[in-house]
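Quick setup: one chain, the form predicted on its own, written in structure tokens, and binding and motion questions come after.
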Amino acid sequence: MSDHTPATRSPAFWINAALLALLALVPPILFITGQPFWLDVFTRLVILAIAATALNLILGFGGLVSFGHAAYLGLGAYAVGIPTYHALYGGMDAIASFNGFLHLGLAIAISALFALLTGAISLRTRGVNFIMITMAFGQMVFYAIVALENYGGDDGLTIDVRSEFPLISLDNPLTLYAVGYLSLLLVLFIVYKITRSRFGLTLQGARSNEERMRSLGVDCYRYQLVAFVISGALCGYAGFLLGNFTTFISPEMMDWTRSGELMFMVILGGAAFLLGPVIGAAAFILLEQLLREVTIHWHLPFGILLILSVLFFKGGLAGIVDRQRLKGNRQ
């Protein structure tokens, strides 16, 4: 769980490996044994874990608290829905508009471009101002989509045909989960390599002491902007997967409250820990689902448990094992 890999295999390493192994094995087994509902839950889990991991790149490793990352999630989803809508009802070439590579390219490109524009302005501020500006940009996208009545407006838009790829059918629930899980591993690998590169170390240095980094001649703004764009693009990719999973998209998925949920997953799991967002997403979604089955008033105990976890688990759930490791080393 720690972002430092020791020479010997620590307990955190084995816990991380066990978590990824469980995500690889448990959902397919549940589906095969006649519990397809839980496969849907885990598919949603790995997709949101991708978005949370993308956010962690700038929040945990860069110290940038973005309250508008759900906008990239929504843009990625609409990059699937809008071409499909035009193919079915607007007379566009159906073969081209159902093309998964087109949807994927649009999701990443549009999200990256919006992140570039948003970051170029937001990163000129700090603290609360940065938080509010990122939330404002996210809400701008939210209300812009609400105003597009051709695409359902506030009522949302149904995706009648999922993205099509050669030899891969996303209509198969197991295939869709496998794509989501492998995508999560890929995004974790990308973030891992970034955070251990010179670029990533510079980004973390700017998080710790930006003034000192500037005194050394480092252009922190440029590094943070590039990280912001990468984070937005990865979150847009998660939106592409989410659109194909839900087959229904609406402005509600990019509301500021959704950005808050992504942020909470990162903090709950452990910011600046590679698998922290995955742990946070798992705890968040599974706890929410289990409480739904216990009571219709699940919001109250859910909120209380989340508040208590933040108060008593400093550094998130991933930080518990890391603190135990440090404690053991002192002894």
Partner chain sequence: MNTASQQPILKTTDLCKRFGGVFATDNVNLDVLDGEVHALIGPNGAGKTTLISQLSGLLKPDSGRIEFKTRNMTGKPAHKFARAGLARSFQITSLFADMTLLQNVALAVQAHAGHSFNFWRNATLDKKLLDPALSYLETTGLANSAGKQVSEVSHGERRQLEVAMALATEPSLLLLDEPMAGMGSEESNLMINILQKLSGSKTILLIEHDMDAVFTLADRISVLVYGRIIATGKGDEIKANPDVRAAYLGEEANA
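Just so you know, these numbers come straight off a predicted model, no measurement behind them. Positions refer to the first chain, counted from 1.
Same protein, other form: the form predicted together with its partner chain, not shown, and the subject of what follows.
Quiz item: Considering its partner chain in the model of the complex, which of D219, D155, D171, E252 comes within 4.5 Å of it through any heavy atom?
Solution: Checking each option against its partner chain in the model of the complex, the one that comes within 4.5 Å is D219.
Quiz item: Exactly one of Y181, Y151, Y223, F114 has a non-hydrogen atom within 4.5 Å of its partner chain in the model of the complex; which residue is it?
Solution: Looking at Y181, Y151, Y223, F114 one by one, just Y223 meets the 4.5 Å heavy-atom criterion.
Practice problem: Have a look at 244-252, 191-199, 161-169, 103-111 and name the one stretch with heavy atoms inside 4.5 Å of its partner chain in the model of the complex. | Solution: Within 4.5 Å of the partner lies stretch 191-199.
Quiz item: Just to confirm, Q204 within 4.5 Å of its partner chain in the model of the complex by heavy atoms?
Solution: Although its partner chain is absent here, Q204 would touch it in the model of the complex, with heavy atoms inside 4.5 Å.
Quiz item: For H86, is any heavy atom within 4.5 Å of its partner chain in the model of the complex, or not?
Solution: Flag for H86 set to no.
Quiz item: For I131, is any heavy atom within 4.5 Å of its partner chain in the model of the complex, or not?
Solution: Because no heavy atom of I131 falls inside 4.5 Å of its partner chain in the model of the complex, the answer is no.
Quiz item: Hey, in the model of the complex, is I230 touching its partner chain, heavy atoms inside 4.5 Å?
Solution: Flag for I230 set to yes.
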